[in-house]
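Take a look at this single chain, the form predicted on its own, given in structure tokens.
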Amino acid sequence: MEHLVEKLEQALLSIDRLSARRVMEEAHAGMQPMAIAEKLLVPVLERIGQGWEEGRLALSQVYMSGRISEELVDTLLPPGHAHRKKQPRLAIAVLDDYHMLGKRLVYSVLRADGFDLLDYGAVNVETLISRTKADNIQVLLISTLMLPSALRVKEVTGGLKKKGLDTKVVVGGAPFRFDEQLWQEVEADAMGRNASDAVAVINNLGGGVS
């Protein structure tokens, strides 16, 4: 499996869609679709995310790796596929910010692991609360880059409660890594340090979502 991980990582970083598909086809010869997603795609995306955090990879490489991975997931596990996970209704957003890379990594990792989720893009507090209610979202993931945006998460959590919603809020991004108590101060339900944390966090919250 390690040689496939390395081959897929190189294909994604080279923005080589054809080579990436060939690696997936090679894996598909001996593995089920869900196993390919969990044992191949997710580890590769985690490695690429770590490479970006360590300053070894360009933003363009990480961005395009995420885009290609999403295409591969849609081929491997289309929306109606039986191996898509039973799950709470999920959505992800960037709050009052336009730095989308962290969100894209989390989105790609979750998709690769078999989750379906709505992508709200970059939104303000009012829009995020409104869309969360309209879509009956049970777990909301919020990404921020700057501290002022992170602090506004408390307006979101407070606004959701005022609407009578029991949505679980998961936060991530640089401010929450720098201050590991910040997620509690903004009254979130959980915090992820990186994209790979998202799967475990959602699985842990799953038991508390009605």
Partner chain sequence: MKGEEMTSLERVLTTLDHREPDRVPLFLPVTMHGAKELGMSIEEYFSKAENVVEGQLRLWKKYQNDCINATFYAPIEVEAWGGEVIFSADGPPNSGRPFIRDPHQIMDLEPPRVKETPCLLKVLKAITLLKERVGDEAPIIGIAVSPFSLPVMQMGFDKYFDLMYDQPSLFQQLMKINENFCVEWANAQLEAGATAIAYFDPVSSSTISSREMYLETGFEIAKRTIARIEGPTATHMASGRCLPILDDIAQTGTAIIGTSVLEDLTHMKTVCKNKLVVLGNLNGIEMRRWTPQQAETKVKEAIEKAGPGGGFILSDNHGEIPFQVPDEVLSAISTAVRRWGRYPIAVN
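Numbering follows the first chain given and starts at 1. The term rigid core refers to the maximal set of C-alpha atoms that superpose within 1.5 Å between the two forms. All of these numbers come straight from a predicted model, not from anything done at the bench.
Here the subject shifts to the form predicted together with its partner chain, a form of this protein not shown in this document.
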- Sort through Val170, Ala27, Leu182, Val42 and report the residue having a heavy atom within 4.5 Å of its partner chain in the predicted complex. Leu182
- Looking at the partner-bound form in the predicted complex, is Arg177 within 4.5 Å of its partner chain by any heavy atom? yes
- Check whether Met146 has any heavy atom within 4.5 Å of a heavy atom of its partner chain in the predicted complex, and answer yes or no. yes
- Taking 4.5 angstroms as the cut-off for heavy atoms, does Ser60 touch its partner chain in the predicted complex? yes
- Task: Answer for His99 alone: is it within 4.5 Å of its partner chain in the predicted complex, judged on heavy atom distances?
- Result: yes
- Item | Did Leu12 shift 2 Å or more between the shown form and the other one, C-alpha, core superposed | yes
- Message: Is the shift of Gly55 between the shown form and the other one large enough to count as movement, that is, does its C-alpha move by 2 Å or more after the core is superposed?
- Response: yes
- Item | Glu155 C-alpha relocation of at least 2 Å between the shown form and the other one, rigid core basis | no
- Look at the CA atoms of Ser196 and Tyr63: state whether they lie closer or farther apart in the predicted complex than in this form, given a difference of 3 Å or more. closer
- Relative to the form shown here, do the C-alpha atoms of Ser60 and Asp179 sit closer together or farther apart in the predicted complex, given a change of 3 Å or more? closer
